[in-house]
Ligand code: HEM
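In structure tokens, the next block holds one chain alone, the form predicted on its own.
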Amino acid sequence: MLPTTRHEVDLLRRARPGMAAVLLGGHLSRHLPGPPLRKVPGLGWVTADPVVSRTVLGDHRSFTIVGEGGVGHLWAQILGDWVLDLFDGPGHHDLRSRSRELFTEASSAELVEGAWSGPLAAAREALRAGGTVDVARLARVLVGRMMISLLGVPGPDASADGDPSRGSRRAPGTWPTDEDALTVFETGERLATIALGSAGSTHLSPAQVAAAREIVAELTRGVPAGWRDAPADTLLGRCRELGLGLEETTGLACLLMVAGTETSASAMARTTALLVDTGEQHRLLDRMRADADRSAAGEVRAPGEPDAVENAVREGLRVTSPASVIGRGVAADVEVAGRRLAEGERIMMLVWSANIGAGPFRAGRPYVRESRQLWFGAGRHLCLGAALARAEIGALLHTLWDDGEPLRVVSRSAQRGVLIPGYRTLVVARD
């Protein structure tokens, strides 16, 4: 029996068949006798257990993100050795301490409203008029627009250093268009493909490093000008006001690129499909109506109690777990789950396998303590943009279902050969 919908499994297989086999095998391994941590040839230590995964991610003394197997190891080769301190040394703690206010629930909602109000309104009107919406394309447009907003990506007519004041600009209001946003998103996708072969090793070839550096330079060329001149209510301006230097701000921008592009677009489209495919959209609509009735009656939710859409967002992230694997290097000999791990080895946390163990998608599923929010990682490297990701997915679900009408999937196609499983197209209409 499949642990999720056949469409979800198909997305995994078409993205990376080998990794799909590892993830499905990890799910099955949770039901086998023996320790929840195993050594797999070619991969290193592997676990699909959420508790073991959280233990590893929370132990920053024994495990490192900048050693072989960690994403920081990839970035150090691309950006330089300063990453080693910023991603996992004393500089990381300082960066997290000063940047924790960048993505609050309130500021994330403001960012989404500012960057997405136009495209979301257009999608809502298309559905009301009886038309269709390609949610996969819309998600890429939305994420591209967010990247442009957050990173200060300049228009194509800006000067070579990314300063729009020294270039010939388009007419006001024409940057960015949806096509511009798609172009920026696709540039981020090209960066993600650099990591496609990193399951066995995070060492990059000279050609991969050169290609990645070119892409990073293209996407971050507006950061220096934005960091210097952007208003304090923008992300780059807030970085400056918080005392983050240009190097730290550029590093933060790179983190956003690698962690918040394909993952967000994937989660938005896949959660939409899950709600339709499982029939759980009807449960969501019932709960949305109940929430509205409670609000109209003056009832207030208990602290921490999610509304219907927030609950569906959490469940969608659990079931899809777009960043399906998290790697760490072993920094010091350590015992975990009865196994002895040696310094220099690597460990893979099969996050998708760990999260899917709680059961299939249910829009009203209560909080799963075992999983918590493992889809965002854990410990000192818990996703800095978690609140933004939740706000993004929530905004899309509200756009699609706030009118109280169910949807149907008109057509769909999966992306092939990509790091993050996702839909290439997902066309929906009112049912």
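Computed from a predicted model, the values in this text were never measured in an experiment. Position 1 is the first residue in the sequence shown; the rest follow in order.
The same protein also has a form predicted in complex with ligand HEM, omitted here; what follows describes it.
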Q: Please pick, from 40, 28, 51, 382, the one residue with any non-hydrogen atom lying within 4.5 angstroms of ligand HEM in the predicted bound form.
A: 382
Q) Here the chain is shown alone; which of 363, 396, 389, 56 has a heavy atom within 4.5 Å of ligand HEM in the predicted bound form? A) 389
Q) Residues in which of 89 to 97, 295 to 303, 180 to 188, 225 to 233 have heavy atoms within 4.5 Å of ligand HEM in the predicted bound form? A) 89 to 97
(Q) Quick check on residue 65: any heavy atom within 4.5 Å of ligand HEM in the predicted bound form? (A) yes
Q) Might residue 45 be said to contact ligand HEM in the predicted bound form, defining contact as any heavy atom within 4.5 Å? A) no
(Q) residue 401 versus ligand HEM, in the predicted bound form: is there a non-hydrogen atom within 4.5 Å? (A) no
**Q.** Proximity of residue 75 to ligand HEM in the predicted bound form, heavy atoms at 4.5 Å
**A.** no
Q | Neighbours of ligand HEM in the predicted bound form among 286 to 323 [non-hydrogen atom within 4.5 angstroms] | A | 317, 322, 323
